[in-house]
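Only one chain comes next, encoded as structure tokens, the form predicted on its own.
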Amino acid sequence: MAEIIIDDKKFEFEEVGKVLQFILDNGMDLPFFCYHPSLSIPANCRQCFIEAGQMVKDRESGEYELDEDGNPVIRWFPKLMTACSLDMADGMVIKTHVTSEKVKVAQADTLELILINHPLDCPICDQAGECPLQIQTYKYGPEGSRFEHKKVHKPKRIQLGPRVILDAERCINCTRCVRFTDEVSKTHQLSIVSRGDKNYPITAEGQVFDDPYSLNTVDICPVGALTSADFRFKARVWEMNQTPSIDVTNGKGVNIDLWTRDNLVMRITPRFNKEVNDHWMPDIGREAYRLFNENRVSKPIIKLDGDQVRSSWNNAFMTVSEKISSVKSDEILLIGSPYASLEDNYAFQNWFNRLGVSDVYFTPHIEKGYGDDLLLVDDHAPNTNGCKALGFKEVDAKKMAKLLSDESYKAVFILGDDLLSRVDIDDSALESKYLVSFATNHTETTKKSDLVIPITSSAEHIGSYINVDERIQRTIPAKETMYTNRKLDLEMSMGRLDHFGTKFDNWVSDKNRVDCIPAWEVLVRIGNEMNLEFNFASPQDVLEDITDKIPALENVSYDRMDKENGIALKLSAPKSVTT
């Protein structure tokens, strides 16, 4: 097998790649700015300097030549090389800053040149705390500046588009943003203008940076030159908890991180998954933080004399129990949701199966032509394949309108879906029915409901979702509800504020907790009210029951989803799952 020597240590490799990526993959450290594994390699920042050479082979014998001391003869390249653009080769020898003083000095010199005109505004820069330039300056840079002249000034606080703001003085011309729009989103909306120490990225005159993936340029900017207009100045990175999750605004199931502070989702960023979204995500998915924070249903709502009023949980459970007891099983219409998790949909189906209701319907949220060739797909819902895997009956909006207008149904239960916003039906058709909505947010559907039961969102519960590529992935709770606690829930990540913050601090309070319960748990509690044997104790219990009954989901578990970054399934058209 081919070998390469890095800082006097031997490594074996099979596939030829770039030296920098190999160093990073093997847990070693080498500073860089312009390199990104999913973009082209310009090697323009020069920060990843290394010494490189090749062990000399005897052409006749094929053996490496040895010097007088018995060590391999190395033919060093005459100049320092950039590790990001250098291909690995058998017998290559590399020296980084760890073993080479020349490399160490070169890296410090490069940083000093980059910092000559860079504003020292770290205390007010949104990138502080996660800024590669800031970090590498402390690790590899000079202790002070020798530059005593006036720095070059460039445009500041430029609104490039609806989501991105430019501070050109901070730009170090890594060109990552330009390469992203050229090579990934392919909108070609950004380019470098001007020359020398006066250049920076910007749009063409009169053009707006409205790329549907524009905020990815903020993610990959190694300094604070590009910032999010929405998140700007809202929170410091060290104040937030970072929780892995998936995007529930689209059927692709993009892997994301939820960043929370004071029980609010402050921002959403992409999480690398080679099989799903690489390093990227669409801008529309980042706006889901509003769904998690705003317009939430908190405490049950019941309609009395035509008006909706807040009620208690006990009253809500008793109302459901009484309504179900007053109708026959064939008078109940069940509507599942491509937006709800697999566990909630299954619990919904399983619970009503025990009452003799066998059919569960759902309407996909497909918008033909909406998708692109990158990460957006025509399916707006995250779990359409989950509904199919459970054997739910798929009907379009017209057929769903007919079902809702069918006078034989006296009670309608809708799970976690704003169905009435995309189904054309007159309010009069619903007057003879008792409409119960399990909901996370106030919607057109909840406004027309007789009873609204608040349930947890994907940011507050453990739940699995099957994306358009039949890959099952899961969410992890990032927000607390009125009935959960970050310090007690081992699934939840904890940050500095959780350890040291108190309710008396300005940034820690209970007011942002929503009074809601996971849908499967709501059904367990109503089942207790009705003396129905439905005894799931956790989402793990629900998933285990699913995997026992559906062959396509056999051996699926949360541990596997975590370790394998999701599990590729082979779904067939199953029959309805009944008990």
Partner chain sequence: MNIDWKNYKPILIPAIKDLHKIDVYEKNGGYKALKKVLSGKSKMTPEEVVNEVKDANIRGRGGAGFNAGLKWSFMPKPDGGPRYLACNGDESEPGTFKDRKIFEYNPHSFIEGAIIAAYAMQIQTIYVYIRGEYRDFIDMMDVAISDAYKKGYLGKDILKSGFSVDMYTHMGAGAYICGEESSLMNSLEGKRGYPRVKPPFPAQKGLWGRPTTINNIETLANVPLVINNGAKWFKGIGAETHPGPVLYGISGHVNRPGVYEYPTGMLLTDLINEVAGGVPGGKKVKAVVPGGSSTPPLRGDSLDGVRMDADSLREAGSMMGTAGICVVDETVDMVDFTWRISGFYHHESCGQCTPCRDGTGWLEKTLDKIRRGDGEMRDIDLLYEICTKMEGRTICALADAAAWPVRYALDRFREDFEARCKKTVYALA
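Numbering follows the first chain given and starts at 1. Since the model is a prediction, treat every value here as computed from it, not as a measurement.
Form predicted together with its partner chain: not shown, discussed below.
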task: Report whether all of 355, 412 and 451 sit within 4.5 Å of its partner chain in the predicted complex, measuring from non-hydrogen atoms.
output: no
query: From the list 46, 36, 549, 513, which entry has a heavy atom within 4.5 Å of its partner chain in the predicted complex?
result: 46
- line: In this chain shown alone, the residue from 175, 484, 443, 269 with a heavy atom within 4.5 Å of its partner chain in the predicted complex is 175
- prompt: Can you check whether residue 146 is within 4.5 Å of its partner chain in the predicted complex, heavy atom basis?
  reply: yes
task: Using a 4.5 Å heavy atom cut-off, state whether residue 169 contacts its partner chain in the predicted complex.
output: no
message: I'd like to know if residue 368 sits close to its partner chain in the predicted complex, meaning any non-hydrogen atom pair within 4.5 angstroms.
response: no
message: I'd like to check something about residue 112: if you look in the predicted complex, is any of its heavy atoms closer than or equal to 4.5 Å to a heavy atom of its partner chain?
response: yes
message: Can you tell me which of 399 to 407, 103 to 111, 299 to 307, 202 to 210 lies within 4.5 Å of its partner chain in the predicted complex, counting heavy atoms only?
response: 103 to 111
- line: Near its partner chain in the predicted complex, with a heavy atom at 4.5 Å or closer, the residues from 185 to 207 are 192, 193, 194, 195, 196, 197, 199
